[in-house]
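The form predicted alone is given below as one chain in structure tokens.
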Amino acid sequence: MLKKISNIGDCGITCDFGDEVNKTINKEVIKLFNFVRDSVKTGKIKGILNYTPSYNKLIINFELGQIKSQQIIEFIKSSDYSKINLNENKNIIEVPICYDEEFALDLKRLEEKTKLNFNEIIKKHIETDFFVYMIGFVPGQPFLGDLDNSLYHDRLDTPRIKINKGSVGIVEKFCTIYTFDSPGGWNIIGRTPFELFNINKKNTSVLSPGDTVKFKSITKEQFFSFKNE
């Protein structure tokens, strides 16, 4: 599945699995991600600074004074990480979400586009087991797939200057949760009080690539009384 490994600058390489975006390819990216992470932790390879998975690529950054790109490339090519079983480490995380109109900013837009009423949209969203493809854009922000195709929708023509932290949005086959206040062009369908990223915790991000997310509907009252632990 790994098509090629290329240098990106002096201190980085990209492991390229192709251009398609699907769960099968992403699982191969995550297998390599887990392999590199475990190899760094166990000291099998030195000098790796960071390893960042996307839909179909893995970026590896390294300290040039400790290791050369060719050493990393040879290490990966000579290793068999294909047998890593992702199901053994699979985490299913339940995320509370409030679909109240105050939080569902694009309610009317989605109803017009999908020809579904909002209760039908919520039902399809709740019933989906979302696969965490990647974490990115801002720290801890997950890109979740695969959305029911009846809910597919393009980005907003004009992005909002500010999307509130915890907002849950959909675009095309994906769903995301904003972990910080930030600009954005996703269709917002609700908000969660659940904190997915905390720099002060040992495990800063609740979600990791390969996890599964299930949304659970809560009331507005439950939203405001929710306590992160």
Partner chain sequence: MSNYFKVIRPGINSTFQDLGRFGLQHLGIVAGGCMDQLSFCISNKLVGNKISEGALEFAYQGPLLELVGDSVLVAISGKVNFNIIKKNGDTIQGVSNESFIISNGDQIDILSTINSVYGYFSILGGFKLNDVKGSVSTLVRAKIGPNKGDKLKSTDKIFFNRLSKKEKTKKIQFEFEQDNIIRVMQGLQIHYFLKKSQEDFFSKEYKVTKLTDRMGMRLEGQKLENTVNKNIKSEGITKGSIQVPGDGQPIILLSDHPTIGGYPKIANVITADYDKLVQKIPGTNIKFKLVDLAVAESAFQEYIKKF
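Computed from a predicted structure; not experimentally measured. Residue numbers count along the first chain shown, from 1.
This next part talks about the form predicted in complex with the partner chain, which is not shown.
Practice item. Please state whether all three residues Thr24, Ile170 and Gly185 have a non-hydrogen atom within 4.5 angstroms of the partner chain in the model of the complex. Key: No, the candidate spot makes no contact with the partner chain.
Practice item. Only one of Ser39, Thr176, Ser54, Thr192 comes within 4.5 Å of the partner chain in the model of the complex by heavy atoms, so just point that one out. Key: Only one listed residue qualifies here, and that residue is Ser54.
**Study point:** Among 90-98, 136-144, 108-116, 76-84, the region lying within 4.5 Å of the partner chain in the model of the complex by heavy atom distance
**Key:** Contact criterion met by 136-144 only.
Review point. Are any of the heavy atoms in Gly65 no more than 4.5 Å from a heavy atom of the partner chain in the model of the complex?
Key: Looking in the model of the complex, residue contacts with the partner chain include Gly65, since a heavy atom lies within 4.5 Å.
Review point. Is there any non-hydrogen atom of Asn7 lying within 4.5 Å of the partner chain in the model of the complex?
Key: Asn7: contacts the partner chain in the model of the complex.
Review point. Even though the partner chain is not shown here, does Val213 get within 4.5 Å of it in the model of the complex, heavy atoms only?
Key: Heavy-atom contact with the partner chain at 4.5 Å: absent for Val213.
Review point. With a 4.5 Å heavy atom cut-off, would you call Ile218 a contact of the partner chain in the model of the complex?
Key: Outside the cut-off, so no.
Practice item. At a 4.5 angstroms cut-off on non-hydrogen atoms, which residues of 9-36 are near the partner chain in the model of the complex? List them in order. Key: Stretch hits, in order: Gly9, Asp10, Cys11, Thr14, Asp19, Val21, Phe33.
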